[in-house]
Structure formats: C-alpha cells, structure tokens
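First comes one chain, alone, set out as structure tokens in the form predicted on its own.
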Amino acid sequence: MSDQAATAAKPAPILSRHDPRYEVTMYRYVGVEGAHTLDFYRSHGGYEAAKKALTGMTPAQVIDEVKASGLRGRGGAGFPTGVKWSFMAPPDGKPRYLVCNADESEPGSFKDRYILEDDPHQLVEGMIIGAYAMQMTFGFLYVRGEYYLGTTRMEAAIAEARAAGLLGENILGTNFSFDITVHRGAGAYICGEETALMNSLEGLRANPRLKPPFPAAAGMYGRPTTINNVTSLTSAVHIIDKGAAWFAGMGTDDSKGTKLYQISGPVKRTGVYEMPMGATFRELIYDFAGGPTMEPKAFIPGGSSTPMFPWEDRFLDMPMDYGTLAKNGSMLGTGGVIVIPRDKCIVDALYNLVRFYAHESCGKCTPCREGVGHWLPRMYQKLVSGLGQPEDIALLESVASNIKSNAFCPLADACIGPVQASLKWFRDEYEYLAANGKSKYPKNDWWQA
C-alpha cells in the first residue's frame, strides 16, 4: 500500500463528544449508586487491565504502550506520562515509590474528587499498573484534606483490594508486590507541587525542593519516585484495556485521548464532562453545560492559574488541547473552565484570585513572598477601594513582570499569568477604576438572585 493510500485508509481522529465513535470511559460510573464497591467494579470489568498487564506484559511493554498512546500528564503540566515512567532507573532491590497527587486545590478544578468518591477502585487499578510498569514497591495517595468522603472511600477500596489479593504480596499470583497508604493533606495549595508534596509526606514543611535532582533520581526519602495525577493513572487503565491505538485515535496531533473538563460560573449545568482532546470550548460550554445564564465577557480555560480569554468566537471555537492553548498565550492546565459574567468587575475578580495565591505562598523565595504575598494584594486592594491612581497600573505591570519566571516554583507564575492576561484584555476596566475611583461594574447581589 502506498503512503498516500495508507493515509487515506486511516480513520479520522475523534475530536468531538458528538462523534458516534466516542464513548465515556473514566467517568462512566461516576454518580452510579454502589459504584465505589469492589463487587460493582469487578462485575463491570474492573481489574482486568491490571491482570492483563501483570500476567501478560513485561514492565517495559506497559511503558511502551503508554508512550504509544500519547497520554500526557493530566495534572496540568502535560508532560508525556510514558516518558516520565521511563525515567525510573532499573530496580536495585531497595524501596521505590509511586505517589498519586490527589491534592486538588486549584479554584475551578474538581475532576479528581468524584473519581475518589464514586470510582475509587479505578484509581487503585491505575496505581497497580503504574507501579508494575516502574517496579515500585510502595504507593502513597496524597489526598486533599477537605475531601473527607473521597478519603474514606479510597481507604475502604484499598482495604477491599488488599483482602482480595489485588494489593499486598504476590498480586494476582504473580511475583509482583505492591501496597498503598492514604495520606490526607492539611489544605495547602503548594502541596500540589510535586517536591513540596514529597516534603509534606516526609513530615517536613511543604516547601518546594530545588530540581535537579528530579524525583525519578532522588525523591521520597532520597529514593526513586514518580508522582502522577489521579486521571493520568486512571487513563492508563483504559489504555492497557483497549490499547494505545484506541487512545491515540482521539484528539489532536500533540494531545491524545480523553480529558475531564470541569466547568463553573454562570452556566446552566456546571460539572465535569469527559470529552476527547481537541473538542472546542463552545461544545463544552453550550452543548454540554447548557450555555451561560448571564451575559459573559470572558472565560478561564484551565483552572485559576491559566490566563483568561475574552468571550470571542475565535476563542470559543478553539480546540481544547495543549498546543493550541499555548500558541494563544494560555494553558490547558487542569481543564477547569470558569465563565466570567459581563457585570463582574475584572479588577475585583483578580483581587480575589491574587488573595488566594498570596495566602497559599509558602514564602520560601523573595519574588513570591514579597511580590505575590505582599505587593500584589495591596496594590489590588488600593485599586478596588477607589484609592488607585492611573500610574498604579504601570506599577502593577512592572511588579508582575519582575515576579514572572523569577520565583523558586511555579506558584508565583500561576498568579502572574492571569494578572497579565486581565491587563491585556480588560485594561479599560483598570483605567476606569483608577481614574474614577469606582468600577464600571459595581458589586451587586446577583450571586444571590
């Protein structure tokens, strides 16, 4: 067959949830009564992917399958998961750790929560597959402290799996042994950063560590460690079950498979929707979330740390994938879409966001401690209280520019990106507020309406 003929025979990728070939996988049992139990999970094909991997594939074959699928980390950074798994050095007989990051703390992001609560065995199975691929000896599940039900359900699922021989010594009769323990965080956003998370697990203050060395070389207790997000690991279950080609048949050139998108703000149906990579914001917001309930003026594409877009057709029709968002000056992040109504003052909205990052700064480095933790919230406070001057906008831009890319970890940039985007698209609201001492859009009570 010629190259041209081979290309013509290749089916088109699935880019929409409306495509009849598309099927929900990760979220298919979320909301189903009793789905959190082992009996339910196994009666619906649960742990067959783990059995397939442990009894029919070598660890290297599992990693190659995940690489071939094109899966990129779903926590926000988007690093190729299979490549990350391949960084682990060969086993040396000493401990090696798999850490699942379920410290879901970013405003607008809540996709992991319902897997923990409604389908916990899916995550246990994903951790078994990941651990087998990298020959891990032990796993930690780091859960956001506020997720009480999710923690309880995960602890129960792990106990069920252990009693059934799916965790512990010689899983499924093989020579592979692996177990998991659950750790509740104390509610600090910085613990979503992988090195700060490891410090927290070790009982230290949750400050980020200098890299290199990277966790794959020296992680938990100085031993090789890999940290994955909840949906990176649950995606691996379906990749092993259905094959890399199935997963790679969805999405765009640089972003494959499905992703869980969350939508909040004034829309008819807020919630979590599993969609193929490359689906558009318009499809998510209008077709599945039912459209805005108030006149919108902007939206945040991937959680509060991602720069916003104005409410324009060119952005609404943009494919939700890593590459397209980066080319347009933002990020896909966690996929947490937040709709901002026209009557919400952008300066006030950013003040709220900046206060969040100021509160969550660990204070380790000067740009974040002084810039994010001190200068930015006070400058916004001055503006929203009506005491700002026109020259304050230039000063705000200067402070943001000097913080960006100069902090120890990504937390400061997570604050600066949205600030700069708001100045780019809605500078007129800053100027009006500074010149008149009041906002174009004064506070109102429509949240209670």
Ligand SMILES: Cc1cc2nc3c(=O)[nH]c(=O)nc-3n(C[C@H](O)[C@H](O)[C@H](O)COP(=O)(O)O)c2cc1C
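In this text, residue numbers run from 1 along the sequence as written. All of these numbers come straight from a predicted model, not from anything done at the bench.
The following text describes the form predicted in complex with this ligand, which does not appear among the structures shown.
> Non-hydrogen atoms within 4.5 angstroms of this ligand in the model of the complex: do 119, 152 and 259 all have one?
No, none of 119, 152 and 259 comes within 4.5 Å of this ligand in the model of the complex.
> I'd like to know whether residue 176 contacts this ligand in the model of the complex, with contact meaning heavy atoms within 4.5 angstroms.
Judged by the heavy-atom cut-off of 4.5 Å, residue 176 is well away from this ligand in the model of the complex.
> Consider residue 232 of the chain shown here, and say whether it contacts this ligand in the model of the complex, taking contact as heavy atoms within 4.5 Å.
So residue 232 counts as contacting this ligand.
> Flag residue 324 as yes or no: does it have a non-hydrogen atom within 4.5 angstroms of any non-hydrogen atom of this ligand in the model of the complex?
It does not: once this ligand is placed as it appears in the model of the complex, residue 324 has no heavy atom within 4.5 Å of it.
> Using a 4.5 angstroms cut-off on non-hydrogen atoms, would residue 270 count as touching this ligand in the model of the complex?
It does not: once this ligand is placed as it appears in the model of the complex, residue 270 has no heavy atom within 4.5 Å of it.
> Just one of 373, 296, 224, 76 has a heavy atom within 4.5 angstroms of this ligand in the model of the complex, so which one?
Only one listed residue qualifies here, and that residue is 76.
> So this ligand isn't shown here. In the model of the complex, which residue out of 274, 283, 194, 160 has a non-hydrogen atom within 4.5 Å of it?
The residue from 274, 283, 194, 160 that makes the contact is 194.
> With the partner removed from view, which of 248 to 256, 122 to 130, 163 to 171, 97 to 105 is the stretch that lies within 4.5 Å of this ligand in the model of the complex, judged by heavy atom distances?
Stretch 97 to 105 is the one.
> Heavy atom within 4.5 Å of this ligand in the model of the complex: which residues of 394 to 433 qualify?
Result: 410, 411.
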